[in-house]
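Just the one chain here, the form predicted alone, laid out as structure tokens.
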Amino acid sequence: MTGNVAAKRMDVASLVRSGEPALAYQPLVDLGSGRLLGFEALLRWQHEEEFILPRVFIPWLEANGEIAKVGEWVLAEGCRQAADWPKNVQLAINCSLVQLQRGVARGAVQRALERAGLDPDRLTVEVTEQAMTDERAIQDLGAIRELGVELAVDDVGTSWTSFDVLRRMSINTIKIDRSFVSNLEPHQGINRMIVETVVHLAGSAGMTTVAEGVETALEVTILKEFGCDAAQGYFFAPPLTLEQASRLAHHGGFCFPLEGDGWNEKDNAAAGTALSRN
């Protein structure tokens, strides 16, 4: 039974209350060398033997005031697990707008780092563009930045936040939305223009660019031509279990292919079988 089928047979409240949160880890890959830079921690909800996907449970958590509590758990668990990885392997964790608006995100980040013994510069907190337009959220983000944590803005291109705002907030990383990355073929002129513009503007502002949802070698080639720094997506690897991610993290010298057919779990003894899709 898939997560979607399970959601149809049970109401979302029952799914959440009878399940528990879990983390999957999707690799972040350097587009120059193919080396592993780190992982983004992705929240899942485990119900019996199935993983319920975020589009099912996130709206319920937000509507019922549970998202801040779950968000703190993600920070604590992600930092605890990443503390065992080599020091050059980064961890990225999404922070909800609700956490920032309530002013609780900074405290949750600090507690997670201290309990795990994780260096602040190994953690990147990811937020949506919407957080850049909310005064309360901006205050909490500034406090997080003062801890020495890096900041990333997710899904860039969907709302076109001013780059002046991103520069003032000392944003380290711009993540380009998958909806633009997935249509980079030569005939998709508008998407190519958007991606190339974002990469150029971010580079001019001293920010790193990450392309999300990369699935083909052609997308990798075009992104490299544009000067994009890094990428994540099914071309490299799907979200992995902690055990699989840890094997990759400790696999010295491992590099992902930047051409060809991409991820092949049979041939990739370093990581093995993957979890379900984002």
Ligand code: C2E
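From a predicted model like this one, the values you see are computed outputs, not experimental measurements. Position 1 is the first residue in the sequence shown; the rest follow in order.
Form predicted in complex with this ligand: not shown, discussed below.
The partner is absent here; in the predicted bound form, the one residue of E66, E50, E215, D30 having a heavy atom within 4.5 Å of this ligand is E215. With the partner omitted from this view, the residue of R111, R178, R80, R167 that lies near this ligand in the predicted bound form is R178 [heavy atom within 4.5 Å].
Judged by heavy atoms within 4.5 Å of this ligand in the predicted bound form, the contact stretch among the candidates 31-39, 246-254, 52-60, 222-230 is 52-60.
In the predicted bound form, this ligand sits within 4.5 Å of a heavy atom of C95. D140 falls outside the set of residues with a heavy atom inside 4.5 Å of this ligand in the predicted bound form. In the predicted bound form, this ligand sits within 4.5 Å of a heavy atom of D154. Although the partner is absent here, E150 sits far enough away that none of its heavy atoms falls within 4.5 Å of this ligand in the predicted bound form.
Along 223-256, residues G233, Y234, P239 each place a heavy atom within 4.5 Å of this ligand in the predicted bound form.
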